[in-house]
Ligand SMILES: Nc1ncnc2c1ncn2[C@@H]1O[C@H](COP(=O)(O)OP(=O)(O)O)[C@@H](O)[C@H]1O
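Next comes just one chain, in structure tokens: the form predicted alone.
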């Protein structure tokens, strides 16, 4: 479904090669993890696989389509409907509620009422349904991460890519997120996460380990 072929990425500033001819395949229904020490290229690899960071060499294909040969409009459509990326940082707008942050990007494709109903259901599944009407600055880091995952999952994209979704969280909250993502993959979708969390081994179907070059 989503594959990298001989992907190489080099930092422009210091010319260090962070990814060197990486070949990987994320299959349908699979929950996969990328692990490795800091500086091994986990976040870079996820951004490349998501169609956000163009590799120096190699290709990334989604259903046999090279993401980096697409026009901006076509790639934006894939990001909106098929491959949703959850970065480490908070991307919620601070002046609107959590629920509005989740549904607003999709108002052109579905009714406001239906989107909100589904969003609240997903928030409840992740234990933060009571925070739908709060503003992002009123949420903890772990609550914001769960809300961001809900936004990514709202329109049932075939692929969710999440960078360090459990970093800095307590074990219970981290396991709740991993369980949610595991169930999402088992429903016939695909999930790729970068993580330092060793608990991932109890959830992931396979693990790609990167080494610092």
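Keep in mind the model is a prediction, meaning the values are calculated, not measured. Positions refer to the first chain, counted from 1.
Although it is not shown, the form predicted together with the ligand is what the next lines describe.
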| Though only this chain appears here, would residue 43 touch the ligand in the model of the complex if you measure heavy atom gaps against 4.5 Å? | yes
| message | residue 212 versus the ligand, in the model of the complex: is there a non-hydrogen atom within 4.5 Å? | response | yes
| said: At 4.5 Å between heavy atoms, is residue 37 in contact with the ligand in the model of the complex? | reply: yes
| said: Test of understanding: in the model of the complex, would residue 200 fall inside 4.5 Å of the ligand by heavy atoms? | reply: no
| task | Can you check 65-73, 43-51, 178-186, 165-173 and let me know which stretch has heavy atoms within 4.5 Å of the ligand in the model of the complex? | result | 43-51
| in the model of the complex, which of the listed residues (18, 193, 204, 22) lies with a heavy atom within 4.5 Å of the ligand? | 18
